[in-house]
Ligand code: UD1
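One chain follows as structure tokens, the form predicted alone.
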């Protein structure tokens, strides 16, 4: 039985790794060992509970007003002794966070192979998103196995001279997780609990009004970018009084301060605490459209027929743009207002985005990852180092 160390730090990582962990648990030839680094400790806990994930090691590395250098140093010092004690056969990391970079680096230092889930996403701009683009590039160089969510990501890895035998197009595991959650919500016993959670935050009539779902937290938008985003939401709420604008506000003070200052008194804006995964999927399923700077939401929303407007200048997920499900709108107030207004007012423009095909997978990514792991341990896949 091969021991697989799964490292997750943030809520999106936990969501996207949950189906992989469950697949590993069901398999007779693998034993998952789960490490939570604690980058999003409170938000991570809700995902762990929702998916009933085993956490074997929980780290405590976050500090108020921390620097990226400080976080990186604490993560390396905390992850390394766990790797020494557990001596896994391989480490799995997911995405582009500091936990991904450090988990891969610590494993490299100990000669432990690394599998990178959601590999090959690129914007081509090292500072956008920051530091995620650099994290992905560096993790690629440290990994043995690369699980690309799309053919485009596969192509990017080959352009970087990664051995084709080590690259696998799996689809994105977020679609696996979304399908798991939707199946759970379709069970009659689940609907009342989720509805009651949302009703407590939004009122019992939360489903009776059309609404725009908003998420925003990107580091590169801090400062003027968030001021523009908040002003745009204020303008939209004034222009469309019959719509609600529901915004689960990230815990980072540099997000919360401008959001609260600009939007807390707007009648049809609902500012709520970060939403657990189950209620968030219910909001995603019920909303009219999504305004976001998130990566995962760009993949999830098209599966539910929801147009996505991305408040960034670049995206490492251009497949959605090419398919017509996603549009980049940047962080400028006027453009955000214009793009949301068009989708709210123009039924044909809305339908064109809502009915476009989702390019991010079929919900079977986890099984393909396990097949690749088996091939690696059976010697069918070359070792990178």
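By rigid core we mean the largest C-alpha set that fits within 1.5 Å across both forms. Positions refer to the first chain, counted from 1. The model shown is predicted, which means the values in this text are computed figures rather than measured ones.
Keep in mind that the form predicted in complex with the ligand is not shown, yet the notes after this line are about it.
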The ligand in the predicted complex reached by all of 63, 132 and 218, non-hydrogen atom within 4.5 Å:
yes
Out of the stretches listed (227 to 235, 247 to 255, 85 to 93, 157 to 165), which one is close to the ligand in the predicted complex, meaning heavy atoms within 4.5 Å?
247 to 255
Students should find that, of 71, 259, 269, 104, the residue having a non-hydrogen atom no more than 4.5 angstroms from the ligand in the predicted complex is 71
Which pick from 43, 356, 349, 55 sits with a heavy atom within 4.5 Å of the ligand in the predicted complex?
43
Taking heavy atoms only, is residue 98 within 4.5 angstroms of the ligand in the predicted complex?
yes
Answer for residue 12 alone: is it within 4.5 Å of the ligand in the predicted complex, judged on heavy atom distances?
yes
Heavy atom of residue 39 within 4.5 Å of the ligand in the predicted complex:
yes
Residues within stretch 329 to 358 having a non-hydrogen atom within 4.5 Å of the ligand in the predicted complex
none
When you overlay the rigid core, is the Cα of residue 65 off by 2 Å or more between the shown form and the other one?
yes
